[in-house]
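Starting off, we have a lone chain in the form predicted alone, written out as structure tokens.
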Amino acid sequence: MKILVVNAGSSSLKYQLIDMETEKVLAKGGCERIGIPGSLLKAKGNGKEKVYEQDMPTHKVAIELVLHALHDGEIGVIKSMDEIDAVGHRMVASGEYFKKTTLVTPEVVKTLEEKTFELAPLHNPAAATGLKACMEVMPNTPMALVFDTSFHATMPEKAYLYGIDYEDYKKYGVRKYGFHGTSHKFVSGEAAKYLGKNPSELKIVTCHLGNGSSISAVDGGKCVDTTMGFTPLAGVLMGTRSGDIDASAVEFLAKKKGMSHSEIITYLNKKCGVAGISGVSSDFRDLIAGAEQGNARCRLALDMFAYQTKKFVGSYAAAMGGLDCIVFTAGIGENTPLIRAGVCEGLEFLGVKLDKKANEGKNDGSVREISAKDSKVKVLVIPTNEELVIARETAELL
């Protein structure tokens, strides 16, 4: 079985074709600047790379070009579209309408458009555009929606509810949904494999740390809490997102800055986080360089990020009644020893003990254990693979 995984943005479209018998990536690439002059497709397949500089006014044209690349004589890996058994689409928000991976039908598309677009206005409409394009170009191929929020659907009410009027929650669906679910699911599963244990035996905190960051408590293989909330703005401060903030402080800031509601939300998403604290960058490499050169605000941004992440690790250990493993993943989690050390420092009372030399090792794409041999809690670095999760869930659905 071959599964095509599609992740569509407003002006972009990434893809991978995966052979599910071996879970090998046969081909991958990305369309850039869809609907914008200068659009192109960067494609890899058959051990080669190729760039297609072609006008892509719509996502339909982009999908057609992707399919052309997949059976291109030079880099192609299939002989016809019939070899693609299904398409798995990444969708960010499901609301309470989809609890798991869902087969696409006209009714599903209608619910998606009418009920979930307002929950993720930047992501879901763009992904739906890619979905419709695929449906038009590949009308006879089964398609599945894999939601970032699905893995968090196991959270109990006490974890996902906010302290608002319960009737308003029921009426408007305002609650914590969580995001990065495919990543948290993948790395927690890989951690169990590495430790040689059944997921049901483990209490794991997974730290997906990147430009967008979230931490999850995974107890017995199921998510019981996570840091992102109704939107991806909540939790720890991130690249440009503020993370958790008093709602009254938001109103106060908006009045002082003369901003409308939409403007202050944009401000909190795009102008805050470590970029706002440091005044330098949202890129942690720039922050580390700045801190090494004596920039106190760069150091402050790094310290705040590690401190807030550590607080969630500790609180989730308390929520689960124990801790067996901490997993670091995503761009920062996989590649920034300074942050991993900052998160683990002070958690010795929980049984966390880091191996400094192992922590400083380079990311080689494998699962790496960076805890000391006598550490009661295992600390692992695991490269995430969200595309493989989407492919697996699509295959399981079929």
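Here the structure is a predicted model, which is why all the values come from computation and not from measurement. Residue numbers run from 1 along the displayed sequence.
Not pictured, yet referred to below: the form predicted together with ligand AMP.
The closest heavy atom approach of N335 to ligand AMP in the predicted complex falls within 4.5 Å. Contact annotation: K270 falls outside 4.5 Å of ligand AMP in the predicted complex, judged by heavy atom distances. For the chain shown alone, G331 is a contact residue for ligand AMP in the predicted complex, at least one non-hydrogen atom being within 4.5 angstroms. In the predicted complex, K110 stays away from ligand AMP, with no heavy atom inside 4.5 Å. Segments offered: 102 to 110, 69 to 77, 161 to 169, 323 to 331. Contacting ligand AMP in the predicted complex at heavy atom distances within 4.5 Å is 323 to 331.
Think of it this way: in the predicted complex, ligand AMP has a heavy atom of just one of T129, T231, S282, N295 within 4.5 Å, and the residue is S282. Comment: ligand AMP is not present in this chain, but in the predicted complex one of G189, G210, G314, G173 has a heavy atom within 4.5 Å of it, namely G210.
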